[in-house]
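One chain follows as structure tokens, the form predicted on its own.
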Amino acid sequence: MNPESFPNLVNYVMHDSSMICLTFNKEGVILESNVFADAFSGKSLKGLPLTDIFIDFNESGATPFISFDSEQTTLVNLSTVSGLPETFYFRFYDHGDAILALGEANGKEIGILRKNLLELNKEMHNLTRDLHKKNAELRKLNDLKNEFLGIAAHDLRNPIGIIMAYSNFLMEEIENDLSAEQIQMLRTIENTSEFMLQLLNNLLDISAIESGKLHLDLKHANLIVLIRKNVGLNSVIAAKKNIRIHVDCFEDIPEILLDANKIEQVMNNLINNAIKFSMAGTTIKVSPFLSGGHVTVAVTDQGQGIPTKEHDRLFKPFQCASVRTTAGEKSTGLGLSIVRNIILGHHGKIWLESAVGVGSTFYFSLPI
């Protein structure tokens, strides 16, 4: 190359926005770099060794792959701002103390990458379409499952209710005429039918929740009145195990918007669970209080406590703790899942604190 034309060429190509343009000395230190080269590598290259961008440049500082025949191109891998190497075609021009390097993208490689990208995009589109189809089929099957559960639970509820009612009648009317063994049989029928009826009611609730049909009849109500009513009803059950339920409220709680029947279902489940897992002679405390813009209710027992690793799964369907009930009571594993969905439907929160051997506290909060 004509020595006099070298500066003009450097000045010209340094403003090229389509190719890598560098000048470097014999030691492999970059003297100048254009904007495209800096943007490509993600940093200013001036003053840095070629090894910061030329992956093929060896540690000795020599450049054996460089050919100063301007008609010959050399394939060089460059490090990019993304960290992935990219191949360029380079031509090198020697000017004594400085070497000019001009690199153009490997068009063939880019073409292959584009082709692969199009094929991957097409495959992704097909997979997405198949996924949407499978999701639609799963939604349909889930709806059919919920419909079946609802129909089955509804149709079974009446005969189970009749069995329970007749067993209650026999226990009340002819208990004195029955042997101890016959009384035990009737009690088994009564307890089993009661459990089955509870399970069917829970299945109806779960199918309604999963199908998006959880309807809330929201009205302003006095939560404290509702709590005291529920505690009164459950105190009869608790008394059979010599357990006392105490309402601990020292604040003036305002009326809030809620579905009274659903919140009573929540209270009934939490208090009933506390009774099931508490020892005789203990106390269950129900504590409503204000917290920020919410009313929070805590149901605290002096039971066995629940291991921390089991806390999250308790609010999922058909999940039970490893802790056993204290009088052999049965659990469907659905109650807390239903409770959680009712509270979430009220835009509230529910959580648990527990210590093994000390007891558990279930909290739920509702917005004021």
Partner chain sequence: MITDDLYKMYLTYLLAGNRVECARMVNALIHENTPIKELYINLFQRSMYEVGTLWEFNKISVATEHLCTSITESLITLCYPLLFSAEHSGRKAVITCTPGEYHQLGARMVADYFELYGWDGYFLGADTPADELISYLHEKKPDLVALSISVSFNIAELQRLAMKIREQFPELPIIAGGQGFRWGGENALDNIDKVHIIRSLDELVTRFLTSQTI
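Positions refer to the first chain, counted from 1. Whichever C-alpha set is largest while still superposing within 1.5 Å between the two forms counts as the rigid core. All figures in this text were calculated on a predicted structure; none of them were measured in a lab.
Unshown form predicted together with its partner chain; subsequent notes refer to it.
For the residues H125, H215, H220, K240, the 4.5 Å heavy atom test against its partner chain in the predicted bound form is passed only by H125. Contact with its partner chain in the predicted bound form, judged by any heavy atom within 4.5 Å, is made by just one of L118, V236, A280, A180: L118.
The putative spot formed by R129, E137 and K140 is fully lined by its partner chain in the predicted bound form; each residue has a non-hydrogen atom within 4.5 angstroms of it. Comment: 129-137 is the region of 180-188, 224-232, 129-137, 76-84 lying near its partner chain in the predicted bound form, near meaning a non-hydrogen atom within 4.5 Å. After superposition on the rigid core, the Cα atom of H125 is displaced by 2 Å or more between this form and the one not shown.
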